[in-house]
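Just one chain follows, in the form predicted alone, and it is written as structure tokens.
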Amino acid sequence: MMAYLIRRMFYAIPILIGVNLLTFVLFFVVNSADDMARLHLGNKRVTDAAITEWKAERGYDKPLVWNSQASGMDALTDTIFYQKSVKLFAFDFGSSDSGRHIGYDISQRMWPSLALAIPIMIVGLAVNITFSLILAFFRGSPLDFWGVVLCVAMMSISGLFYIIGGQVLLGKLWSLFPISGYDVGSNAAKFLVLPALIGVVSAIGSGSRWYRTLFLEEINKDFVRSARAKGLSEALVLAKHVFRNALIPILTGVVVVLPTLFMGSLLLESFFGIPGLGSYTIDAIQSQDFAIVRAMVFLGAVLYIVGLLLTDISYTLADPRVRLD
């Protein structure tokens, strides 16, 4: 097991290097530092002196990968590639183009993202699995038919509809929850209930339909028919045999989503004014703060790889037949 985990972590290194190199090429080769300066300062009536000053303030005036004017290791380290890309591997995100410390911002904004995303994941998982098990229990009945119709209908509706509709109906007309805003400590709960509710409801269609498919694939297998022949009730068969044997694909979807908890929900955080990493990324894109965007792309790649590793570990816990050498 340990050898497998070490091997997988070594596999992650070239992936991170590839993501880092691709990000560097996109931000500093395809889109040069001069282009970033013009976008940040405004394309009209921008002088060369203003561009030079903007680049110098942010360290974008250095050579890309090799500083021929420096000696020794400074020829490599006193470059844009080392300062803006290599340091990401040590999680040194540096400063944003607006002068803020990116690492500090991430450490502060990850908590609102987690406070919103964790309830959505836990409650949503419980609701989707319960609803899909009910549909599987009553498979072939009118309840199953209309349940599938409801799932397809909910899948077809844009997430923006749920957000705007929830804000108007539950926030403005009924005044049950604040439409936007955030507070610290226990006061944050009243601002998180509505976006969390919308996050759960908007995912019921796709989640329940997928879980129902998984359960129906297991429900007619030989071991399930054997359990029925032994006299077990249909509810017990679903809970003890069908659900347990469908855990592998369920865990695949759940564990891979775990890293996105830290990254936050772009739409929900932006529409509800929650100061998480999702709104942090959106604000950085809107303000042309390329340093933050680069940091979030790299962080997202790291968390996704961690999620894949957790997925492999969870397989052995869910199914003892799976062995990692």
Partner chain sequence: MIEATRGGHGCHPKACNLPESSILIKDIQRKIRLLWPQLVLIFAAGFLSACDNAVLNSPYPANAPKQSIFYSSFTERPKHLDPARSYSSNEWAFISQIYEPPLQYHFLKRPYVLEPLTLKTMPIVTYLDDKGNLVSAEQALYTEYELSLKPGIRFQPHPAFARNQDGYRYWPMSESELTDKYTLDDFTEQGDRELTAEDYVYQIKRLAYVPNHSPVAGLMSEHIVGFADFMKSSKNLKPSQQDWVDLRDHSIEGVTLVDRYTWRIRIHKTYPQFEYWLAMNFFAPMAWEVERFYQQPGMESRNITLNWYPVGTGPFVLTENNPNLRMVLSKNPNFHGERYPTEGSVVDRNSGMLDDAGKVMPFIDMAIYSLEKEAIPRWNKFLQGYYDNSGIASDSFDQAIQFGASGDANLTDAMAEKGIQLSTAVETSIFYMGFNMKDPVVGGDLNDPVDQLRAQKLRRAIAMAFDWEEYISIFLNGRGEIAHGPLPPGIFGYKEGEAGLNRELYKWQNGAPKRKSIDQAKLLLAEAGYPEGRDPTTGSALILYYDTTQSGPGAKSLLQWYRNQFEKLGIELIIRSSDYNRFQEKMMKGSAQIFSWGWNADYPDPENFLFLLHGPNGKVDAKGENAANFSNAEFDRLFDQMKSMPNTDERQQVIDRMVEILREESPWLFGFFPRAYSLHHAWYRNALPHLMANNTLKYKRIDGDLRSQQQLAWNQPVIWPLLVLLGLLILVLYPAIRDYRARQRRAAR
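Numbering follows the first chain given and starts at 1. Take the two forms, superpose them, and find the largest set of C-alpha atoms that agree within 1.5 Å; that set is the rigid core. Bear in mind that the values here come from a model prediction, so they are computed numbers and not experimental data.
We do not show the form predicted in complex with the partner chain, though everything after this point is about it.
- Though the partner chain is absent from this view, in the predicted complex it lies within 4.5 Å of a heavy atom of just one residue from D74, D183, E217, D92, which is D183.
- Considering the partner chain in the predicted complex, the lone stretch of 93 to 101, 246 to 254, 117 to 125, 207 to 215 in range is 93 to 101 [heavy atom distance within 4.5 Å].
- Taking non-hydrogen atoms only, G273 approaches the partner chain to within 4.5 angstroms in the predicted complex.
- In the predicted complex, none of the heavy atoms of Q69 sits within 4.5 Å of a heavy atom of the partner chain.
- Residue contact with the partner chain in the predicted complex: S175 places a heavy atom within 4.5 Å of it.
- Under a 4.5 angstroms non-hydrogen atom cutoff, the partner chain in the predicted complex has L143 among its neighbouring residues.
- Residues from 54 to 79 that approach the partner chain in the predicted complex with a non-hydrogen atom closer than or equal to 4.5 Å are W54, E57, R58, in the order they occur in the chain.
- Superposed on the core, the two forms barely differ at F271: its CA moves less than 2 Å between this form and the one not shown.
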